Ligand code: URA
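There is one chain below, alone, in structure tokens, taken in the form predicted alone.
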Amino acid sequence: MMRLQRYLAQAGVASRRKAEGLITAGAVSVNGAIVRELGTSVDPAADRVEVDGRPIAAVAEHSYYVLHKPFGVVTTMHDPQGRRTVADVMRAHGVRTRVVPVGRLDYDTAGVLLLTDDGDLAHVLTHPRFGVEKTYRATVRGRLEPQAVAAMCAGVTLDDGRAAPALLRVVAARGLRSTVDVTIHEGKNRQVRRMFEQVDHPVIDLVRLRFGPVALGALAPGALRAASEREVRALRSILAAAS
């Protein structure tokens, strides 16, 4: 037996947190009866689980893909505004497996994006409690002075609370621009951009280089690859440590 929200997460329907929302909203039924209690347990081998009337089967073997999300692509499976989504990119690569993006990258941010049907892993990688590190390369306006670097390393105050200290490495500073690698372990909305704005260095260009153990490397914009065995082992070790 397992909790219903975990079953839905393992089936790749949604993260465990979003699965809880589906349950409380009355979108999930077990053996034909709507279930709204988060403590409900199901038997994967015997119970019939449906979401909005669609049968859901637990996934035995999970899939893990690494995408270089290009600029101008929305990190959702469907966009009501008709913009290009990561689902469109996956279909263009011939991927029919039901995978979802782990976390999100903004429309105007490119870089490494993990997609999987492993709901338990997605929950851990995106939950603030587990503090998975993300590294970005930012091109910012102006020459980044030591006091600005010190402020970000100490943790700047944003309009939704204080950001945890970041790690910074200045890659280059030429003319009126600086290139900086910044590592954070939170997931506040547009966090890196807002942090740089707080120290008066607006972001011109932003690319995520690393998400936990998964690195962008030489993957071209729009390109897709299966996660390596080393990456999958590292991801599973994060999940095991959090269990």
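As the structure is a computational prediction, the values presented were derived from the model and not from experiment. The first residue of the sequence shown is number 1, and the count goes up from there.
Here the subject shifts to the form predicted together with the named molecule, a form of this protein not shown in this document.
Only one of Val180, Val42, Val192, Val214 lies close to the named molecule in the model of the complex, with a heavy atom inside 4.5 Å, and it is Val192.
Mapping the unseen interface onto this chain, Thr109 counts among the residues with a heavy atom inside 4.5 Å of the named molecule in the model of the complex.
Remark: Leu206 counts among the residues lining the named molecule in the model of the complex, judged by a heavy atom distance of 4.5 Å or less. Proximity of Val100 to the named molecule in the model of the complex: non-hydrogen atoms within 4.5 Å are absent; the residue sits far from the partner.
For the chain shown alone, Met152 is not a contact residue for the named molecule in the model of the complex, no non-hydrogen atom being within 4.5 angstroms. Heavy atoms within 4.5 Å of the named molecule in the model of the complex belong, among the stretches 34-42, 170-178, 47-55, 192-200, to residues of 192-200.
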